[in-house]
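To begin, one chain is listed below as structure tokens, in the form predicted on its own.
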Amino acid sequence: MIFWEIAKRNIRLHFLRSTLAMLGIVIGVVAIASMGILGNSLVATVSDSLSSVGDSVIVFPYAGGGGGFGGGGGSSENMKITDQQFQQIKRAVAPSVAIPVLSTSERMKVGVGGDDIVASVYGVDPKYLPDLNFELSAGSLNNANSGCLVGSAFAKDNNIKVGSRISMGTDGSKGTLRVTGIIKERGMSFDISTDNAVIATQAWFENTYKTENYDEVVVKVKSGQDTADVKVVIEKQLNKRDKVVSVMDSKATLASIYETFGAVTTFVTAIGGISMVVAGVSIFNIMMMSVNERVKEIGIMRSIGTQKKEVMSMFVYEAAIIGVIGSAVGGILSLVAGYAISALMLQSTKYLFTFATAFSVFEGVGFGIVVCLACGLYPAWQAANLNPIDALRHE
């Protein structure tokens, strides 16, 4: 097609100028796509970390903000959930499972001659451990009063293996626990933050710390029940007159987190879009220069019978070539940039080759092509509508 060949010829004649225009598009596509890859990878990372806790409702004692993710440390008895309140929760949420949890922070020492360390300690009745869906990397769920589970990070940092002994309290004043299992890394969680913690039995905890009340109650919602409905039932049952408990719906919290990360992804992608707008302005200027340089050529073409739409198509083709090549190169480089950013910021590239990543790349490439075509339309229209007589007289 003659006008396609003319468009390619003009790009070759002004190779440096066209290359610089393509470079602007490449930078814009890389910025948009790589930011999209980072945002989607971030959402996927958080989703994987929290996917196992979306079926939970967490009940904390209300004390002007007492409580938080994974319990606290050493709260006083009047800031705890009583056994009577636990029984009310248990009846209200049936057939879902209500799990009472005790928690504190404690000094401890691993093995003989180990360093003193401080870590979270939880007390959980062994019969509830299967409901908490702990996955073990070694050992088994303990059922002995002197046994305990430890989190993966805690085990790694302190060189703990199944069978290791942990002296609890200063100089072992609170006894010794034997490690029966190591829990796989769970990441952030709303119920029990196990990664850097020791999980002992409820009986050991109550006997050691002389307490019978709980720091939180974790409700594992059964299939067929909605976490929002369970939350409402608990609040109606316990907060009739005064607010005595705070109830957190993990599913609603997850939705809020995803919405926030989605907004962040949109924001950083929009920032990348600014560079694409700058590239678009560059394309527009280059196309206007091309029209001004070829006014006489356009006049000759029009005088021998070339139609307006054919002249216009010649310049649109030129913009399309710049846009397609620049966007394609930018799409390829965005995968490299996305890999580097993910490895640097998330320490993982496992989410690089996913549908969301592919969509981000296609989104960047598509936006680059559309911007080029849009910025080439007005110069092409102007060229097509030049008066042939005036064009021939142009110097």
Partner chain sequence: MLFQDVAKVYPLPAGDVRALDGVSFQVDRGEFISVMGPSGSGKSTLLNLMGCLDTPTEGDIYISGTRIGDMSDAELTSLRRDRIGFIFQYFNLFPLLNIIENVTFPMMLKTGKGVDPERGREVLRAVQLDDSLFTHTPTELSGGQQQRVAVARALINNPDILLCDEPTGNLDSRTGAGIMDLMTELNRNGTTIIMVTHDPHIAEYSRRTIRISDGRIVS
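Given the structure is predicted, the values throughout are model-derived calculations rather than measurements. Residue numbers count along the first chain shown, from 1.
Form predicted in complex with its partner chain: not shown, discussed below.
Contact annotation: residue 256 falls outside 4.5 Å of its partner chain in the predicted bound form, judged by heavy atom distances.
Heavy atoms of residue 307 reach within 4.5 Å of its partner chain in the predicted bound form, making it an interface residue. Although the partner is absent here, residue 13 lies within 4.5 Å of its partner chain in the predicted bound form, judged by heavy atoms. The shortest heavy atom separation between residue 301 and its partner chain in the predicted bound form is within 4.5 Å. Highlighted residues 2, 294 and 392: every one comes within 4.5 Å of its partner chain in the predicted bound form, counting any heavy atom. Heavy atoms within 4.5 Å of its partner chain in the predicted bound form are found in one stretch of 308 to 316, 263 to 271, 246 to 254, 145 to 153, which is 308 to 316.
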